[in-house]
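Next up: just one chain, as structure tokens, the form predicted on its own.
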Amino acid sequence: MAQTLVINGNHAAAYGAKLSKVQFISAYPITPQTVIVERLAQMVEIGELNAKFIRVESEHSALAACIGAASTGLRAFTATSSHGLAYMHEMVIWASGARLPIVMPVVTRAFAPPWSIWDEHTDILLERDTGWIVFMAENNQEVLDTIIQAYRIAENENVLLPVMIGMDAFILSHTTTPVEIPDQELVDNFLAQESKRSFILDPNNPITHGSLTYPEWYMEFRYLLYKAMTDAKSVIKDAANQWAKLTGKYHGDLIDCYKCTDADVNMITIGSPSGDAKEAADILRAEGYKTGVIRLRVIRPFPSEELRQAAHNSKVLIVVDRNLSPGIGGILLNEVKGVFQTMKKQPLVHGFIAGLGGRDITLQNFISMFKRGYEILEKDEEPGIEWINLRREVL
């Protein structure tokens, strides 16, 4: 029978892995992710979860071990953050190229120097072109639900790609909220699909993995990776809808459209700040503004068509980037601009850099960003990039 627990996002991630009956877990600690693998270690120790749990000496080895386990057909899981994700980058690329359905929460965190353990999305967005499906969760319930959905998506025979689930450091990872834990039988039925993988390592049927590929073959492998990512869109939508039918929990599929279809000014967000953006939209709606929020639940595959459809009535799009690509600005801003550049009737796309290194983005900040969108529209200003809460007096 389903139960509701008051748990933090890290524990929600651990419960998601447990309910998915992962068979292999590799663990290396890094703040603020450590609690995920600690909780899983407890579950394995007391017999709640029947899985092989190994401690490794680095994040690079953590994912390398998952690659080995997944290559033999096991359901593999690990978790990381920030510099840990950067350190495993080589293996991140290897896992997707080898088409291994590994699932890995990434507790998003800023990079050093200067040293920071607080929230920022630059770490996970730097991996957007590695061939992993990338989700960003808004709350703890969505963390649990998405990890379970991720295995169904990753193991689909038309996809066979690894999945990252981004969750904001300390905002989700260490904040406790009520989370509904579904029945094990329900999850078992949801994940009951048979994965048809013809390349599992088996000593009784020896094959070679990852051997040298000459130029006359390499492009075809990359095209198949590209096609799998494209095909994943319909699988992601199906997983979200089937999960909603079973549990009543729907967080959007590729995007989460909140009052966006008739909005003059839509705000594009990812992750936990989306909740404040929605509250700001409600406040402004009560004052007569037609505002909405388009939360990108999935970063890869990028929801280009879905975004065009959701924003087709928008006059201004406000993009909030909790990340930085030095030399160009916000990563999402430029991805969104690319979606609309071929349309005859384009909305104005204006970007804000906000919340780097865990700096607060307040409800009033979101209200101000919405109103700035109206100001740009009314004054016919050229859209650009602005920094929110930057302390220019100390520069």
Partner chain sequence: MTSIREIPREEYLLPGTAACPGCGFTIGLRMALKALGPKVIMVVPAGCTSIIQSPYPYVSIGVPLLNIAFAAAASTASGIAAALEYKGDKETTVLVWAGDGGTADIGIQALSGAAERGDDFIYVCYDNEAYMNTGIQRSGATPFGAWTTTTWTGKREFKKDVPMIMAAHRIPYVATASIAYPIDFYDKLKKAKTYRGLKYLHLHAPCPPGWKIPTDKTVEIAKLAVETGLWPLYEIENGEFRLTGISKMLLDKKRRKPVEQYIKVQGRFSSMTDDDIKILQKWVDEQWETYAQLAKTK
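Numbering follows the first chain given and starts at 1. Note that the structure is predicted; figures quoted are calculated from it, not measured.
The following text describes the form predicted together with the partner chain, which does not appear among the structures shown.
Within 4.5 Å of the partner chain in the model of the complex, a heavy atom is found for every one of Ile54, Ile207 and Leu212.
Note on the interface: of 181 to 189, 154 to 162, 280 to 288, 68 to 76, the segment with non-hydrogen atoms within 4.5 angstroms of the partner chain in the model of the complex is 68 to 76. Of the residues Leu201, Leu246, Met229, Ile117, just one reaches the partner chain in the model of the complex with a heavy atom at 4.5 Å or closer; this is Leu201. The partner is absent here; in the model of the complex, the one residue of Gln42, Ser58, Thr342, Gln364 having a heavy atom within 4.5 Å of the partner chain is Ser58. When the partner chain is considered in the model of the complex, Glu90 lines it closely, a heavy atom lying within 4.5 Å. Not displayed here, the partner chain is approached by Ala64 to within 4.5 Å at the level of heavy atoms in the model of the complex. The closest non-hydrogen atom of Phe24 lies within 4.5 Å of the partner chain in the model of the complex.
Remark: Tyr223 does not count among the residues lining the partner chain in the model of the complex, judged by a heavy atom distance of 4.5 Å or less.
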